[in-house]
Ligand SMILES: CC1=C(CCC(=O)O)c2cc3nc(cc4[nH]c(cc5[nH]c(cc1n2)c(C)c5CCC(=O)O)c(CCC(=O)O)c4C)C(CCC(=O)O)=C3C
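A single chain comes next, written as structure tokens; it is the form predicted on its own.
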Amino acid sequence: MTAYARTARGRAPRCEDGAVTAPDQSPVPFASPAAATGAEFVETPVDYDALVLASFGGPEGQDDVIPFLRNVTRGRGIPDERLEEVAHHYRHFGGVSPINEQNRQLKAALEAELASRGIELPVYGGNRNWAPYLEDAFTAAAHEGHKTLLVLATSAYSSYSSDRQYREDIARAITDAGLEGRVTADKVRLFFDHPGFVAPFQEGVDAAVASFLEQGIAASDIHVLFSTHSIPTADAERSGPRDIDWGEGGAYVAQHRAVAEHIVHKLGAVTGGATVPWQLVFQSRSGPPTQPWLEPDINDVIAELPAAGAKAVVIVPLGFVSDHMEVLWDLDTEAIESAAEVGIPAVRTQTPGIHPAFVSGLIDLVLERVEGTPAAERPHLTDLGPWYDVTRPGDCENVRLGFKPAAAGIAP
């Protein structure tokens, strides 16, 4: 099990019967009454009347690329000339990001899963950086008479861009749409170690390693690289509640390592107990060279694999929910090319996408909030879970921008 187990000092006070008591603090803004107390876990049923699927968004054509990148980098004053320098990944794919279609498929899969369980809960889709925007989703939901909304973000881990920024966007969208005081919005907990999220990765790693074993490659010569998005080191260090020592890289790194450790442990059933070397690596760095970002880079690691005796490499997109641009370009193109350059066969495993276990798991997460499932009964595969319903003070601060109004969390 992971060495980053959450300690009692990271939890809210509990009564003798196990119920969570509300900490001494101001009510959580934009929240339903059940979540507004600020307790770590909302164990009271909430009658949500709509679900909002929130995602990053992406361009749908060549003319969309620069406007999309302006949205992504708004507030930073980056000129279009520099944006064009980073637009080539999108240009390579005709200016179309796959993420929008993937989210449409996920939305349809969620609707089908809800229908199969006899649950009447409409699903709206909204993005941070491209149409339909979050404010469009909230406006549409409100127009249909829905007032108590639950937001499901397509991001599993703690960091500013994958957690707090979504919560800031929720607050901004509600305010910009003129819905403040008219609708409430809670957010589904981070699901990095939920069985439904982990299952597709486990399947992919098991299959890839088994295939290399069948080719006569020893388990000790198969290296598994768990890849996730690099972020500024300072932001990583501020991920997770501030009253817990997460170690180097904050909760962001701790969560990824914990999930990777779980997958490798289960991999023993495929290898007959033989150890498979593995490493957490990073990709898609975009900051200036002078700014420290999480390392090592996946391509640098691949370049060193021959010296480590590797004869095969399994690339696991552990930080990604679906096959969007960073997966298609940074892994399927650059990382696979890096492996070919050093003569090592490489396999990139699947992302959750619309895998049935993932879709079912997401609805299970929604029902946790609808039914007020006690924290002790919530599934999780590492010692770090289950994660909080209401984000704790100071979690995932943006070093450059500081704190902005955010939903689904306690104000710092």
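For clarity, every value in this text was computed on a predicted model and none was experimentally measured. Residue indices: 1-based, along the sequence shown.
Omitted here: the form predicted in complex with the named molecule. The next part is about that form.
Contact with the named molecule in the predicted complex holds for all three of Tyr90, Ser162 and Pro232, each having a heavy atom within 4.5 Å.
A residue is said to contact a partner when one of its heavy atoms sits within 4.5 Å of a partner heavy atom; Tyr166 meets this definition for the named molecule in the predicted complex. In the predicted complex, the named molecule sits within 4.5 Å of a heavy atom belonging to Gly57.
Heavy atoms of Pro122 never reach within 4.5 Å of the named molecule in the predicted complex, leaving it off the interface. When the named molecule is considered in the predicted complex, Tyr252 lines it closely, a heavy atom lying within 4.5 Å.
Checked against the named molecule in the predicted complex, the residues Leu213, Val86, Ala108, Ala303 give one hit for a heavy atom within 4.5 Å, which is Val86. None of Phe358, Phe68, Tyr48, Phe41 but one reaches within 4.5 angstroms of the named molecule in the predicted complex through a heavy atom, and that residue is Phe68. Contact annotation: the named molecule lies within 4.5 Å of heavy atoms from the stretch 97-105 in the predicted complex, the single such stretch among 274-282, 306-314, 97-105, 216-224.
Using a 4.5 Å cut-off on any heavy atom, none of the residues of 328-357 reaches the named molecule in the predicted complex.
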